[in-house]
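Shown here is one chain on its own, the form predicted alone, set out as structure tokens.
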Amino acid sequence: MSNRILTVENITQRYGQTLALDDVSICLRQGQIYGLVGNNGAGKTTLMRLITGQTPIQKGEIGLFGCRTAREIRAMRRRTGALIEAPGFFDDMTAEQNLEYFRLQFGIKEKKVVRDTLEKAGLSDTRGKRYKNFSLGMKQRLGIGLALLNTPEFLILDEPINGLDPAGIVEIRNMLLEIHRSGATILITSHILSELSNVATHYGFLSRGRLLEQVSAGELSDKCSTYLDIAVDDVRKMAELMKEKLHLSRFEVAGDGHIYLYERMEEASAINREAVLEGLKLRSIENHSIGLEDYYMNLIGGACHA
């Protein structure tokens, strides 16, 4: 229990007649990078607003660092940093001047924290460059820098790579991995699911306000890994052959005459030969793989292969 950074229990949230979140429960533990996956309108930003206290909770509970009461949670939010919307930076100020302004607003005593944060954000060399002349990637890094200003143990980021070019995405990715190595726990959303897979250690899949699944990166890798699709006339007999004679265990009968095999895919010819010897008719035997985007689309469509 002590290493739980965030608990969300049975949160339900409505905006008028729209059900934004429907009985959502998640748990983040210390050291995780939790990727919250969902299309537009899935409820990701609503959930983040509730966690950060920007929106009052209608039904359910949230816990931070093991604390439950409203007073305790307000105190624990000082240990968090968040970037949910574009911050109100001043166009004619430099990165350092903007962070200095917010340092004073936050009541942070150490002036050195501004220089340290600029270094973490990769903005130490911007010098006299004004915010209005920043590239989108620089603006995103400064926004994350603002979220880091109080040296948070828990960082919450909503779409931090949205709109960036490939080089900007790599910069943000490396920045996040460095922040994580320093000991921070991170909750992040992204529309670029292939990029999310480069950083996330755990995932939660949201659709229409409902949490469909929570998995670790390892579990997801197993589900999205390459598999052998065996199309056969008698799946029951083929499954028995695979188990009893070929000593295979990591497979599933997928319906419509298909079996998905997740081990020893290189032995396709041997599997085919044994099937023929047993009088089974194989229509096809092919290698397939599932990407994160495909996995999510299958999940929300109710037809996931895994």
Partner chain sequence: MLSYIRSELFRFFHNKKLYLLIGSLAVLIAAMVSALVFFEKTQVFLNATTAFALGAEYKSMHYLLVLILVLSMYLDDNEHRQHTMKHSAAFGISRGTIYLARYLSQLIAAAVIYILMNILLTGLSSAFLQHSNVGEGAELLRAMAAGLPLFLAALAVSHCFLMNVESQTSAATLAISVILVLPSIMNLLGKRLDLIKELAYWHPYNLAAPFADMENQVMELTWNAAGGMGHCYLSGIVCTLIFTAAGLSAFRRREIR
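Quantities reported herein were computed from a predicted structural model and do not represent experimental measurements. We call the rigid core whatever largest set of C-alpha positions still superposes within 1.5 Å between the two forms. Residue numbers count along the first chain shown, from 1.
Just so it is clear, the following notes concern the form predicted in complex with the partner chain, a form of the same protein that is not shown.
The candidate spot formed by 88, 106 and 150 is fully in contact with the partner chain in the predicted complex: every one of the three has a heavy atom within 4.5 Å. This chain is displayed without the partner chain, yet in the predicted complex the stretch 45-53 from 264-272, 241-249, 32-40, 45-53 comes within 4.5 Å of it by heavy atoms. Checking 200, 187, 82, 114 against the partner chain in the predicted complex, a heavy atom within 4.5 Å turns up for just one residue: 82.
Of the listed positions (173, 77, 191, 223), a single one reaches within 4.5 angstroms of the partner chain by any non-hydrogen atom in the predicted complex, namely 77. Taking the partner from elsewhere, residue 97 is found to have a heavy atom lying within 4.5 Å of the partner chain in the predicted complex. For the chain shown alone, residue 93 is a contact residue for the partner chain in the predicted complex, at least one non-hydrogen atom being within 4.5 angstroms. At the 4.5 Å threshold, heavy atoms of residue 102 reach the partner chain in the predicted complex.
The partner chain in the predicted complex comes within 4.5 Å of a heavy atom belonging to residue 146.
Residue displacement note: residue 77 has its CA displaced by under 2 Å between the shown form and the other one (rigid core superposed). For residue 177, a C-alpha deviation below 2 angstroms is recorded between the shown form and the other one after rigid-core alignment.
A movement of the C-alpha atom of residue 109 falling short of 2 angstroms is seen between the shown form and the other one when the two forms are aligned on their rigid core.
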